[in-house]
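Shown below, as structure tokens, is a lone chain in the form predicted on its own; questions about how it binds or moves come after it.
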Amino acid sequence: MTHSTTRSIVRSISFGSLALLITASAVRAQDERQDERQAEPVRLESGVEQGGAAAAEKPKDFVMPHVLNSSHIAIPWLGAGLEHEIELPKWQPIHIGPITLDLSPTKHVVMLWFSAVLCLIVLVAAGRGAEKARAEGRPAAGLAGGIEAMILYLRNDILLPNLGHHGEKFVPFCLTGFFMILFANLLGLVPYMATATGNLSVTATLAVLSFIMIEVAGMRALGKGYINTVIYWPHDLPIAVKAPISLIMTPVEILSKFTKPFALAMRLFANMTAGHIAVLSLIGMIFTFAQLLNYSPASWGAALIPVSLATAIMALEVFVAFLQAFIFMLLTAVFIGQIRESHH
């Protein structure tokens, strides 16, 4: 594979990720505009002491606000909590008949913008570096060499064998999804950032785009034979057997088309959300131990246990970020290859 081909793939990935971002930002499978509840102290009755009612404050939830979407983002701040919340602008909703579209930015949408910008910067820089190395008659090194090696491995050893004959045209789409998901996953591990792929709206959008690409690839490859992927009709059986089998298997064939993108969306969403909840829960145990032991030296010694576990899970989350991006790309390529080769 020549450097010019690698550069064209990198450019396709970079600008494709921007298109993917715009589509994902517009889909809202849940109320993206819901604010994180600024918990007013909730008083709980705990009995009567010396004729007066004793009350206790409900502890503030710090786990779910970091996982759920919201209409504001946090930035580093030298003050209480070491962060400051910035309210995101609210745009006028768009009314199309009975449909109302609220495209106002949310925390996860901003994270998607960051992911797209990082894709453009990193991949365009890698493409230019590869082109410069080619002009100088030497192999690419550094960032350009690493990105080129990754793309060549994914293209030659993973994607093309699964996409089938003449599958080169689908490589940019698959790599676009890989890098977009990868950057979104990794951003969630950075302090003050959020995991956009932990939002079902985003993963559902990615799955819908994959579904469209899979079905369009099947239509183009099979032509009129595409109907056989919808209606099950065994040609080598007598009509008395074909009819009942077709009635039973056709709904199964149709259902299988939708279970694939559903599995893609749920797998990515569940894995990215579960890991962050586990990390935040372990971090919360640090302060729980500190309070139980009245912030004594023993409390910080006991806190080393959740600190060690949280560090191990964070390291695992880096691996999971790459793994989930890879699995999404791989399964998309497998599904495209299956439907393109189904006439065999």
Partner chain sequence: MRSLKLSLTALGGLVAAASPLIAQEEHAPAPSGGLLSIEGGLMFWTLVVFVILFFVLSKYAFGPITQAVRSREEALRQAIADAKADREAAAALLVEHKAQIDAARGEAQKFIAEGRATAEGMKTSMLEEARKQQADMLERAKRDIDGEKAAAIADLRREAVGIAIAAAGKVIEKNLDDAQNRKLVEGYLAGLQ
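Quantities reported herein were computed from a predicted structural model and do not represent experimental measurements. Positions refer to the first chain, counted from 1.
Missing here is the form predicted in complex with its partner chain; even so, the following discussion is about that form.
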| query | finding |
| --- | --- |
| One residue of 162, 201, 229, 271 in contact with its partner chain, assessed in the predicted complex (non-hydrogen atom, 4.5 angstroms) | 201 |
| One stretch from 238-246, 253-261, 185-193, 166-174 that, in the predicted complex, holds residues within 4.5 Å of its partner chain by heavy atom | 166-174 |
| is_contact(residue 99, its partner chain) in the predicted complex, heavy atom dist at most 4.5 Å | yes |
| Any non-hydrogen atom of residue 120 within 4.5 angstroms of its partner chain in the predicted complex | yes |
| 4.5 angstroms heavy atom contact with its partner chain in the predicted complex for residue 127 | yes |
| Residue contact check: residue 82 to its partner chain in the predicted complex, 4.5 Å heavy atom | no |
| Residues within stretch 183-222 having a non-hydrogen atom within 4.5 Å of its partner chain in the predicted complex | 199, 200, 201, 202, 204, 205, 206, 208, 209, 212, 213, 216, 220 |
